Each structure stands twice: as structure tokens, then as C-alpha cells.
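Taking the form predicted on its own, here's one chain by itself in C-alpha cells.
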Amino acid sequence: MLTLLHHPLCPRSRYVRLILGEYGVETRLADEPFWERRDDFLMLNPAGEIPVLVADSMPPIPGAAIIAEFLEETHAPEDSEDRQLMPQSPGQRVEVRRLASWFNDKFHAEVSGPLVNERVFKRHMTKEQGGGPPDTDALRAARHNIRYHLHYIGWLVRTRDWLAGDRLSLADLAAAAHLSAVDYLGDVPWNEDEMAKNWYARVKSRPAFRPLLADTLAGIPPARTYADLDF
């Protein structure tokens, strides 16, 4: 069985969990307090970052993008193109990778990373690990930045069925994973773009999303409409 070292509200970990769910891959989840930089964890990923996937007879697989490629190579259903999360056309694959990178890198740097770090991770860190009160400037910037990302999602789905084309893909899962972490905290202004909200509702309704909607953190309850499919 695969083991995923993660944190329940880590956006990149959530991306991997959605891929695993869409492909029906049984996986053991292991919470990893990465800020502690445990020796055993650093042996798996010297970068000290989550997620990390551990598979039998394989080296540790670090990082959301690398894990996604591994799962595509090993678990994508060959007999059902409709269930594959990466299209066959090289040009379409570029677009999926571009958008997955947009959310795993740019959105994470500008929105989900600062919000989750300031509001969740820093609560558990010592001063030496970077803990302390939330940086209000970082929170303010992230809440400002999310608006143009929502407009970009809305612009994409005005001309496509899904973010990268006609079918659900890794791009949708990456975007939804990061938005879900922010939505847990109640920081998504869904009234900003109706098309983006409708797209998220479609992804949120998929069976693979249910475990994410069941997540709860001690001392940080989810926003009121977080698990509501009709939000």
C-alpha cells in the first residue's frame, strides 16, 4: 500500500489526495509535522517539504508535481480515456501542465501558501521554526490576490467545459485543491466570479472530494459552508 506523508490542509497534499481519489488508489495517510524537520522525514525528502509518497520497492517520491507524474505513469486507467487526468494530445498536455503549475506554484506563492502558513502552520511552530502571530500584511496581500485568480478561473471556464479543455484534468484538481484549503479558512470571496464558483461546485461534488470535505483541524473549525455542496 502507498503511504502519503501530508498535512490535512496542505494544498499540494490535497492535490495528490484528489488524484489518488480519482484513480481509486488505496493510500495510507500519515500526518507529517514538516516544520519539526525530523531526521526520519529528511531522509525521505532532504528538502523537508510535503507531500511525500512512499511506495514499496521505490525511492521516496517528493513533491506534488513529481507524485502526479508518477501516478499518471503507474495508475492512470489505460482502458478508459475518459477517466484519465492527462489528455493524449501533446498540446493539450502542455496546457494541463501549465495550469497545474499555475496553481501549485503561482497560486500557492500568492494565496494558499501564505494563508495556510500564517493561519495554520505557524500555530504549531516554535519561534526558531518561524512561528509566531500571523503576519497581517501577508494575509491582506493573499486575500487581495485571490480575486484575480478567481477571475482567471472564470475566464477559462467561460470558453471551456473544464479549466484545460473538454475533460476534467490535473489542472482542475490542482486549482480545486488550493481553493479548498482557502475555503476551509473562509477566505474565498465566492461572489467575485459566478463562473468560478459554479466550476468549483462541480469539482467539489465529485466522490474524490468527500475525504477533503470531512477534514477538520483541532482548534480551527472549517468555514460554515465549507462542506456544503450547495454553497
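All values reported here derive from a predicted model rather than from experimental measurement. From 1 onward, residues are counted along the sequence shown.
This protein has a second form, the form predicted in complex with a further copy of the same chain, left out of what is shown; the following refers to that one.
In the predicted bound form, I66 approaches a further copy of the same chain with a heavy atom inside 4.5 Å.
Contact check for P60: a heavy atom falls within 4.5 Å of a further copy of the same chain in the predicted bound form. Under a 4.5 angstroms non-hydrogen atom cutoff, a further copy of the same chain in the predicted bound form lacks Q129 among its neighbouring residues. At the 4.5 Å threshold, heavy atoms of V94 reach a further copy of the same chain in the predicted bound form.
No residue in the set P211, D228 and F231 has a non-hydrogen atom no more than 4.5 Å from a further copy of the same chain in the predicted bound form. Heavy atoms within 4.5 Å of a further copy of the same chain in the predicted bound form are found in exactly one of 28-36, 43-51, 183-191, 162-170, that being 43-51. Distance criterion of 4.5 Å from any heavy atom to a further copy of the same chain in the predicted bound form singles out K106 from the list R123, R143, H75, K106. For the stretch 96-110, the set of residues having any non-hydrogen atom within 4.5 angstroms of a further copy of the same chain in the predicted bound form comprises R97, R98, S101, W102, K106, in sequence order.
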